[in-house]
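The chain that follows stands alone, in the form predicted alone, written as structure tokens.
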Amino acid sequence: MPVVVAPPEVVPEVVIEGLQKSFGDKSVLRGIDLTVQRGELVAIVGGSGSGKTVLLKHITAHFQPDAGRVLVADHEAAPGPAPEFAAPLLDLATIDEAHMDRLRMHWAVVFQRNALLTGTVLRNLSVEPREVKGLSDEEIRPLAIEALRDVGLDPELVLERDRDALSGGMAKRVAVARALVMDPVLLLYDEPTSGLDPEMCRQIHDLIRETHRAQPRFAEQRRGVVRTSIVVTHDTELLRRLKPRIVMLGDGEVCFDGTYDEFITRTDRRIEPYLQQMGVLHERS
């Protein structure tokens, strides 16, 4: 994978303003304000029920806000002028399904339990390129081969293998390959190391790092594009090894936003207990 360094210009990829969400009488998000810049690797952490996955589902427009708004960069629109080449931001609540499909062409999600379909690896890697981008089988196959190689799998060995014949680590890599075959600019992970042994976790950490640094093919047509990654996790080792920007949710709000070193040394009534519980939460997830 060709490796690039994020440009120094500050350009927003996702902007969340005053986001509120309740389910019945339970208020989950109580006014989230958050901006994720282009090229950032951001980890969303917080205790169970703090709203991490709910926040992720708002970014992908699976949930609509009760109040506030979520804006995401539209990479299908004409970019702004140099040096930023910023894509315009769109309020997800204001666009129709056709326009939403345009945005989804540049997104991908790696789900907590992989969410692989029954059938072969090739089938799993083909669905979204066919349905979202309208690619043919002949166009998809070389992209699938490239994506499998990018995640360290031999296409000759796994392309036609059935989902049920994959080990846990292989299934996770296939889930990442399924995301990469979409050539995403915005890549989202929901608990990517849950249920994996420590050695496989380390391999997935490295995979997340290299995938984040890799240049999307889309960048060949659009200057200034680099990948942005958002990871929902309880994995302390992932935080230690990747040192992302860390955003912690608590009581429905952002209670911390900063570096890894700031996070582990912060004295706070909500952060300290969570740090002590992270290992247990990760094992349970």
Ligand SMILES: Nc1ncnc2c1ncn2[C@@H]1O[C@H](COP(=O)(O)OP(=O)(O)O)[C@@H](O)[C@H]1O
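None of the values given here were measured: they were computed from a predicted structure. Note that residue numbering begins at 1 and tracks the sequence as displayed.
There is another form of the same protein, the form predicted in complex with the named molecule; it is not shown, and what comes next is about it.
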In contact with the named molecule in the model of the complex (heavy atoms, 4.5 Å), from 235-243, 253-261, 30-38, 44-52, is stretch 44-52
### Query
Applying a 4.5 Å heavy atom distance criterion, does F218 contact the named molecule in the model of the complex?
no
Checked 17-37 against the named molecule in the model of the complex; residues with a heavy atom within 4.5 Å, sequence order, are F23, K26, V28
